[in-house]
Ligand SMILES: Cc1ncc(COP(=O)(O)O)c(C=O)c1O
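Presented below, as structure tokens, is a lone chain in the form predicted alone.
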């Protein structure tokens, strides 16, 4: 008999459930479940991948990722390249920071409807999960501080948050940062920050520079359209970067992903195109959904979240869309069973989705 058993905290960890795919559909599928960029990747990134794939695939990547880190620092106004670290998607940053700083007997704190990988990572490393309550799906400084204890080792805060699209102001982030005890690592997840523009991105960078216990993590999976390549990065204090590098895999970013990141991080024209489209259609989607009676609060990311009144109606709407080859995200797993999250897609896919939901609300 096989007596090999996982550690208890691993056995209790529930896996992350992704948005999924829609297979076997007749006709084009509107993929509005995973917050992907409807324009794909930057043409510069695509060309860089083609060139990198042309030769040298038998050679390991540069373990220092010097060119990639320098490109990120230059594009984001970061003076000390040594404080920029790379990752195979931002999920890896979550795991490595948790591995570095939290384990059995420690607490990892995040808010009620936070990105579920925080919980997966905390439980997977044996730490205790603590969730601060939200108000109207929005984090609050006082609620977060009220959940901090002497055992709190990490606070993860996505701003804007996934899956709610809500966020704290920069001033609120500073107030939270100033009030946190020195034993808490404050990790600000800026996965959607590019949709707010360079001014907000700079504010997150400056937040890291205000103290020695704050990390800003980022991803190339959203506005940059490189989800398939799994590429992320973070900006952190030197001592934390040194600790992170101790356990980071020496070749954690593949050559094609690094080439795409170098090419795309400075493509301001592509970023502006993507951001402008998102801003325009996010407003259109919000107004149209509210007009249907599907309460849809203001979002600061590349998706909106709509209220369907009860879990049964939300599930029926999800299936109605799926039957028409439109896939959105059910978020019952985030404690929001009466809501659906809808990515801002192409103009055509957005229109298809709105038309289908208008027909649904006319019937139910």
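Positions refer to the first chain, counted from 1. These numbers were taken from a predicted model, which means no experiment stands behind them.
Beyond what is shown, the protein has a form predicted together with the ligand; the following relates to that form.
Undergrad: Examine residue 166 and determine whether its closest non-hydrogen atom to the ligand in the predicted bound form is within 4.5 angstroms.
TA: No, no contact at 4.5 Å.
Undergrad: Although the ligand is absent from this view, report whether residue 91 comes within 4.5 Å of it in the predicted bound form, heavy atoms only.
TA: The answer is yes: residue 91 has a heavy atom within 4.5 Å of the ligand.
Undergrad: Quick check on residue 235: any heavy atom within 4.5 Å of the ligand in the predicted bound form?
TA: Output for residue 235 is no: heavy atoms all beyond 4.5 Å of the ligand.
Undergrad: At the 4.5 Å heavy atom threshold, is residue 192 in contact with the ligand in the predicted bound form?
TA: The answer is yes: residue 192 has a heavy atom within 4.5 Å of the ligand.
Undergrad: In terms of non-hydrogen atoms within 4.5 angstroms, which of the given stretches 246-254, 155-163, 193-201, 95-103 touches the ligand in the predicted bound form?
TA: The contacting stretch is 155-163.
Undergrad: Considering 86, 278, 286, 221, which brings a non-hydrogen atom within 4.5 Å of the ligand in the predicted bound form?
TA: Going through each option in turn, the one that passes is 221.
Undergrad: Which residue, 174, 230, 131, 151, is the contact with the ligand in the predicted bound form, using a 4.5 Å heavy atom cutoff?
TA: When the ligand is considered in the predicted bound form, the option within 4.5 Å is 230.
Undergrad: Listed by sequence position, which residues of 170-187 have a non-hydrogen atom within 4.5 angstroms of the ligand in the predicted bound form?
TA: Residues within 4.5 Å: none in this stretch.
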